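Next comes just one chain, in structure tokens: the form predicted on its own.
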Amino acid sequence: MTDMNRRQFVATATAGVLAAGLSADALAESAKKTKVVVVTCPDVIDRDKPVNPGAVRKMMETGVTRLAGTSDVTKAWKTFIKPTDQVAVADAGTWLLNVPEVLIEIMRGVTLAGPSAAKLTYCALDEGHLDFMGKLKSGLKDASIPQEVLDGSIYTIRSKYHQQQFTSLIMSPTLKSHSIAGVSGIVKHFATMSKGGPQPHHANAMETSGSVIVPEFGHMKQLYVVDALRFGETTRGPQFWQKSLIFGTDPVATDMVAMDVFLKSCKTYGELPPDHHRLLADTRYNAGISDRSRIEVVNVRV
């Protein structure tokens, strides 16, 4: 295509869009891409190897700086968290618990940003996992983060996020094959964290889980750090050591990328299509971008 033909094509396409009632701003918005950063470290953890906290920190710093577009770690965190913010950090909940060091490094970053308040809202059921809670508490102490940030009273079934004054949400889900969702992740996790709880969304393979994102959480600035250090299988715990963290600000786009990474090495549950509820979160509920052509995936190895 010559330069002249290309200009004519763009002009014609733009005119057609405008004639259809869309503004130039809407056209620009429809073409905008969102960034998702996948950071992988071969030495961070393995089936017979304990987590390397230093590697987790390096991965966290790499991911947040690449997502923010700055080399300064503190400035990167301040891109997503303002001094006036009240921050909720939501853990993955039970069945496939977070690697504790992931949550610790997120809280370290939140502390660097200096919000007015922050809570690590762990799932109340986590308290039955004494080893996990012990490592989480000791890690926070070593990072000079007060134990008071821990709050197990908000993320229960049903959750109480809607009763709080949070202005910023950082979610850190894990991924596993799931007997209702196919593959769990961010969109499904929103249903778990919603004021109605997950059960109303069970009937049709979680296809309505995206319906809660904008009405219940849309007023909050959002950052996602998917704990993909290892993937799980239903309720059986880790089955594959992926050794990645996945960063984004769009819930649907980040979840689509995380699902794609999962399916490279693991399987969905039965015949359930794991993209179904993720696609509907975009096309039916306008909660984010599911179109892969509009997602810029940045892969980094550290």
Partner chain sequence: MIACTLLLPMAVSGQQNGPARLLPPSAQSTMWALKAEPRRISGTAIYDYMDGAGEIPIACGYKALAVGEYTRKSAGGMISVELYEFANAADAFGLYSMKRLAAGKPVALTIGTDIVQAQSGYHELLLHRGKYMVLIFADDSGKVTDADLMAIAKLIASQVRDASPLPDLLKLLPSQGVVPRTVKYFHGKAAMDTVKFVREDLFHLKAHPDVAVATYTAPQSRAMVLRYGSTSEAGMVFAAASKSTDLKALTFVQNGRVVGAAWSLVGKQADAGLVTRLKKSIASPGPSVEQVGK
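Residue numbers count along the first chain shown, from 1. None of these values were measured; they are calculated from a predicted model.
Absent from the display: the form predicted in complex with its partner chain. The rest refers to it.
Requested in this report: Could you check which residue among 35, 243, 58, 276 gets a heavy atom within 4.5 Å of its partner chain in the predicted complex?
Outcome: Of 35, 243, 58, 276, the residue with a heavy atom within 4.5 Å of its partner chain in the predicted complex is 276.
Requested in this report: Could you tell me which one of 113, 133, 180, 150 places a heavy atom within 4.5 Å of its partner chain in the predicted complex?
Outcome: Contact check passes for 180.
Requested in this report: Choose from 160-168, 115-123, 142-150, 194-202 the stretch whose residues reach within 4.5 Å of its partner chain in the predicted complex, heavy atoms counted.
Outcome: That would be 194-202.
Requested in this report: Flag residue 236 as yes or no: does it have a non-hydrogen atom within 4.5 angstroms of any non-hydrogen atom of its partner chain in the predicted complex?
Outcome: Result yes; residue 236 sits at the interface with its partner chain in the predicted complex.
Query raised in the report: Might residue 271 be said to contact its partner chain in the predicted complex, defining contact as any heavy atom within 4.5 Å?
Result: Heavy-atom contact with its partner chain at 4.5 Å: present for residue 271.
Query raised in the report: Though only this chain appears here, would residue 292 touch its partner chain in the predicted complex if you measure heavy atom gaps against 4.5 Å?
Result: Contact check for residue 292: no, nothing within 4.5 Å of its partner chain in the predicted complex.
Requested in this report: Considering only heavy atoms, tell me if residue 216 and its partner chain come within 4.5 Å of each other in the predicted complex.
Outcome: No - in the predicted complex, heavy atoms of residue 216 and its partner chain never come within 4.5 Å of each other.
Query raised in the report: Check 78, 176 and 224: does every one of them have a heavy atom within 4.5 Å of its partner chain in the predicted complex?
Result: Verified in the predicted complex; spot residues all out of contact, no.
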